[in-house]
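First, one chain by itself: the form predicted on its own, in structure tokens.
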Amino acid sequence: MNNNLKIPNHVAIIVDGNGRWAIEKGLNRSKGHEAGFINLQKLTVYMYSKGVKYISAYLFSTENFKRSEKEVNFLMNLLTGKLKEILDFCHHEKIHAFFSGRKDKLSNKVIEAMNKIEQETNKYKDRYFNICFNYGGHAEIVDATKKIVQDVENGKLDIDLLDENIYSKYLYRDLPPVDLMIRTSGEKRISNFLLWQCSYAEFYFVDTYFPDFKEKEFDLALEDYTKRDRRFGGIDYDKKSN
């Protein structure tokens, strides 16, 4: 293991492959989501221990409502049913957890669970967990634009002062840019995830289904990230880059 690893400040992960993991084992897809939930807890603890400060996890997209009613209901109930466990976990690990996404289509029970998690963990300031639930990158940009238009019309914002830094504050969460974006399960696309925040992220795609993406797999992602030459559109002439 490389002892001189570059540690990303903000890691985003598309939690993918839970259902396929279960099906290949002859299990119901819901068992895959349960296994993914357990692994996400263990993995986040390890990621924080490596020095990562912000984690964004793509758990449910706006497009996931196209899935079967049974699976959608299970995912919604998983959040509310695990409320105490999630809170105990966040308190034990001192994690400030919060949600990004639209609240429409979510039941009052789910929204209440979200609010409780956010309110009870907002005192923690060193570890941040952004749970993307009923989230879509296009939706986030559209919703931010609507809020900006309203503030301009109400005299709260001078349109001539609008820049990228101010725009980012209108997103669901004002977070630092993503440094490393990971997607499990072999799919090689970002599926409408954190489009604004991932503008200069390094992408890492792996075939492993998420329930099996454990500490060693994350170490491999860090090894790969360390080798990347992040120039942000510039050129390091000392390295004679092209």
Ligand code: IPE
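Values in this document were obtained by computation on a predicted structure and should not be read as measured data. Position 1 is the first residue in the sequence shown; the rest follow in order.
Keep in mind that the form predicted together with this ligand is missing from the display, and what follows is about it.
A residue is said to contact a partner when one of its heavy atoms sits within 4.5 Å of a partner heavy atom; E71 meets this definition for this ligand in the model of the complex. By the criterion of a heavy atom within 4.5 Å, F60 is counted among the residues contacting this ligand in the model of the complex.
Mapping the unseen interface onto this chain, V11 falls outside it, with no heavy atom inside 4.5 Å of this ligand in the model of the complex. In the model of the complex, this ligand sits within 4.5 Å of a heavy atom of R67. Shown alone, this chain has one stretch from 188-196, 212-220, 172-180, 45-53 that lies within 4.5 Å of this ligand in the model of the complex by heavy atoms: 188-196. Taking a 4.5 Å heavy atom cutoff to this ligand in the model of the complex, the contact residue among C90, V110, L75, I148 is L75. Taking this ligand as it sits in the model of the complex, the stretch 12-31 comes within 4.5 angstroms of it through a non-hydrogen atom at I14, V15, D16, G17, N18, G19, R20, R29.
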